[in-house]
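What follows is one chain in structure tokens, specifically the form predicted on its own.
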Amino acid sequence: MHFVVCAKQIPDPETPPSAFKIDATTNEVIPAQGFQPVLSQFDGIAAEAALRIKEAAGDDTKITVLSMGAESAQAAIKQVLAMGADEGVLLQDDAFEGGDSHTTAQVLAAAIKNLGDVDAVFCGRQAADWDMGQVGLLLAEALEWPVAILAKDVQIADGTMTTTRVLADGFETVTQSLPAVVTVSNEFGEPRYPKLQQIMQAAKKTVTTQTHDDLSINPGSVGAAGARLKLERLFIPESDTQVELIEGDTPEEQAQALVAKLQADKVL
């Protein structure tokens, strides 16, 4: 079997909010200095799901990691390779930049078709930066494959994928024929942490770069040129919250002062 894991590089979620800046003219986030981008945590979980199935199925299963982005996105690919994936493909082209979920799905679908023998595609439930959760569904539509979303368990056997989906009021088990797309939720569990030896081995694994020419994509249909979502404004919310310190030599005095303040403001 041949699995594909879609991996996205995002700003480090541990970056303090004060480090983020916005370029108002381009509606883009200015990368925070001193903080390296990381693999989206949900894509790491999707990789874990694919790896567990590979380990159960045997060594004849291959996992390819796809990532669309700048050269730095190779780090996200290498992380999944260190976890146990076999090869990586970086989709890098100026024509891919400035797109939305729709154009991202179109590029990924073209890359998957270019691979030619894919049985299943594993995506995170959403990217941990924009949190839209659309690419997996749009990718399945572009491929014309069945899709299961928000999976907390994934099993593949005898040409079918069985998933247990997370619902608002419980769980649902669905079965669909391969090839298929699945988006894996955080309820699946934590992804594995590569060991030093695996990280060193990943450095030797192949990562190829593909452009719109390699994928036979019309550059006018992807990236900013093909985007259906128009971002009107990106900004950091302004806050007018005021803070008043309650003074007192002891906790009791501070409590009494707080009560007096709340009563004066007619809160109590």
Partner chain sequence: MARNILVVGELEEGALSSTTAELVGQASRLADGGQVSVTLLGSGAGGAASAAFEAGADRAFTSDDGGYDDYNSDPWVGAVENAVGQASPDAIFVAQSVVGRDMGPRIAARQGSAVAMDCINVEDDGGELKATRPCYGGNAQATYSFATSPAVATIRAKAFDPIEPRAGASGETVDLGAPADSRTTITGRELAESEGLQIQDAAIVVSGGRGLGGPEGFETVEALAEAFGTNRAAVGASRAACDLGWYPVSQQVGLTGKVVTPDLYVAIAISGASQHMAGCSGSKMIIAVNRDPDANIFATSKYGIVGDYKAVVPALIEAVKAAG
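Model, not experiment: these values are computed from the prediction. Each form is matched to the other, and the largest set of C-alpha atoms that superpose within 1.5 Å is called the rigid core. Numbering follows the first chain given and starts at 1.
Not pictured, yet referred to below: the form predicted in complex with the partner chain.
Next item on the list: Give a yes or no on whether each residue among Q41, S239 and Q254 has a heavy atom within 4.5 Å of the partner chain in the model of the complex.
Entry: The answer is yes: all three residues contact the partner (heavy atom, 4.5 Å cut-off).
Checklist line | Segment that reaches the partner chain in the model of the complex - one of 109-117, 75-83, 193-201, 160-168, heavy atoms within 4.5 Å | finding: That would be stretch 160-168.
Notebook entry, point to check: Any chance I246 has a heavy atom within 4.5 Å of the partner chain in the model of the complex?
Noted result: Yes, I246 lies within 4.5 Å of the partner chain in the model of the complex.
Checklist line | L138 within 4.5 Å of the partner chain in the model of the complex, heavy atoms | finding: L138: contacts the partner chain in the model of the complex.
Next item on the list: Tell me, yes or no, whether L229 is in contact with the partner chain in the model of the complex, where a contact means a heavy atom of each within 4.5 Å.
Entry: Yes, contact at 4.5 Å.
Checklist line | Contact of A32 with the partner chain in the model of the complex (heavy atom, 4.5 Å) | finding: Answer no; every heavy atom of A32 is more than 4.5 Å from the partner chain in the model of the complex.
Check: Out of E97, E87, D129, D153, which one falls within 4.5 Å of the partner chain in the model of the complex, going by heavy atoms?
Finding: Spelling it out, the residue with a heavy atom inside the cut-off is D129.
Item checked: Did I10 shift 2 Å or more between the shown form and the other one, C-alpha, core superposed -> Result for I10: no, shift under 2 Å.
Notebook entry, point to check: On a core-based superposition, does L231 travel 2 Å or more at its Cα between the shown form and the other one?
Noted result: After core superposition, the displacement of the L231 C-alpha between the shown form and the other one stays below 2 Å, so no.
Check: After a core superposition, would you say A32 shifts its C-alpha by at least 2 Å between the shown form and the other one?
Finding: Yes, the C-alpha position differs by at least 2 Å between the shown form and the other one.
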